[in-house]
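Presented as C-alpha cells, the chain that follows is alone, the form predicted on its own.
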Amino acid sequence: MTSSSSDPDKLITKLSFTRWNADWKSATTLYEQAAIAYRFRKDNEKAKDAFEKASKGQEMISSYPSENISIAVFNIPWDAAKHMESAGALAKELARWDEVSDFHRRASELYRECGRAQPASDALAKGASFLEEKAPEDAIKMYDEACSVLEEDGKEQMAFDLYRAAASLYVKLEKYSDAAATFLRLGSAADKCNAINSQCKGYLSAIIIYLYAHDFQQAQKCYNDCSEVQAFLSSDQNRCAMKLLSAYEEGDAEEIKRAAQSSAINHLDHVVIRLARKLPTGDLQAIKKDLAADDGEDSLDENDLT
C-alpha cells in the first residue's frame, strides 16, 4: 500500500491545507515530491504541472532575503530553472509544443539570472532539438537565441554546433540564403576565437549552398568577401571553392563533380556534403552566357571615351 509520503495525490491534497502564497517553502517541497512521484508513475500531465509549480515556488523563495545571500541569489533560481526544464521535457512527451518552447525559454531566463550563460544556452538548445520535427521554425529561433546567449558572454566557440544545427534546419526548409548566412555567422564566430579550420569550413559551406541554390553571383561575391580573410585565402577550403567557381565559369559539369569530391568537402557537415554531391544544379550555359555578357559590358565601358 502506498504511503502518504510517496502518494502524489495525497501530497497535492496536503497542499490544500498549506497557505501556498504565505508558505512558499513548505508548498514548494510538496510540489517537488509530487512531481517526482507523478513522473515515476508516468502521469506526465500531473508531473508537468507539479514541476511548473515547484519552479514557481523556488523562484518566489529566491525573491525573499536569506541568511545566506548566495543561496537566495544563485542556488534557488538554479533549482527553479531545473524544474522548468523538467516541465519542458514532459511537455515534449505530451506533444505540447508551445509549452516546450515556453518552458525552455523560461528555464534559460532563470539560468541567466544565476549568471550562467552555458546552461542558459543549453536549455534553449534542448528545447530547439525537441521542436525540430514538429515546429522547425520555432526550433531555428531557439537555436538563434542559444547562439546569442553564448556570443554575448564571449563564448562563441561553444556555439559552433548550434550554428550547424540551425543551418541544417534552414536547408531542410529550403531557406538556402539563411543557411548560408548562418554558416558565415559561424565563420565570424570562429574568427573571434582563432578557430581557423572551423572558420574556413563555414565559408566554404556558405559558397556551396549558394551554388546549390543557383545563385552563382552571390557565391562569387561570398568567395571574394571571404578571400579578404588571410586565413581563408591560404586554405584548402579556398582552393576547393576556387575550383568550383572556375568550373562554373567554364560551364564544365564534370569538373564541378570532381571538385565536389575533394577532401575539403568531405570534412564539411553532412548536410553540406549532400548538397555538394548534387552539384551542378541550374543551367550552366546560362551562367556562362551571363558572365560573357558582363565581360562584354566591362570591355565596352573601358573603350567608352565619351
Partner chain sequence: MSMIDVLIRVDAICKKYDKYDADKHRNDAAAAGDPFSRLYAAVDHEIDAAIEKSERAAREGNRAAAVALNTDVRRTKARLLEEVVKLRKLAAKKVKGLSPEEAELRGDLVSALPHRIKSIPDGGGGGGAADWNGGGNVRPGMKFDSSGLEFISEDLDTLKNLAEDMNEELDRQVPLMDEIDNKVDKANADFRKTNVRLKETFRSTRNFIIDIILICVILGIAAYLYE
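Positions refer to the first chain, counted from 1. Treat the numbers as computed from the prediction; the structure is a model and nothing was measured.
Keep in mind that the form predicted in complex with its partner chain is not shown, yet the notes after this line are about it.
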Within 4.5 Å, heavy atoms only: does S101 come near its partner chain in the predicted complex?
no
Can any non-hydrogen atom of H83 be found within 4.5 angstroms of its partner chain in the predicted complex?
no
4.5 Å heavy atom contact, L94 and its partner chain in the predicted complex:
no
According to a 4.5 angstroms non-hydrogen atom cut-off, is S188 in contact with its partner chain in the predicted complex?
no
Counting only non-hydrogen atoms, the one stretch of 103-111, 126-134, 211-219, 156-164 within 4.5 angstroms of its partner chain in the predicted complex is 156-164
Answer key, its partner chain contact in the predicted complex at 4.5 Å (heavy atoms) among R258, K46, H267, K243: the residue is H267
Among I196, V229, A181, L173, which has any heavy atom within 4.5 Å of its partner chain in the predicted complex?
I196
Checking a candidate spot here: are S26, E32 and K53 all in contact with its partner chain in the predicted complex (at least one heavy atom each within 4.5 Å)?
no
Go through 26-41 residue by residue and record those having a heavy atom within 4.5 Å of its partner chain in the predicted complex; state none if no residue qualifies.
none
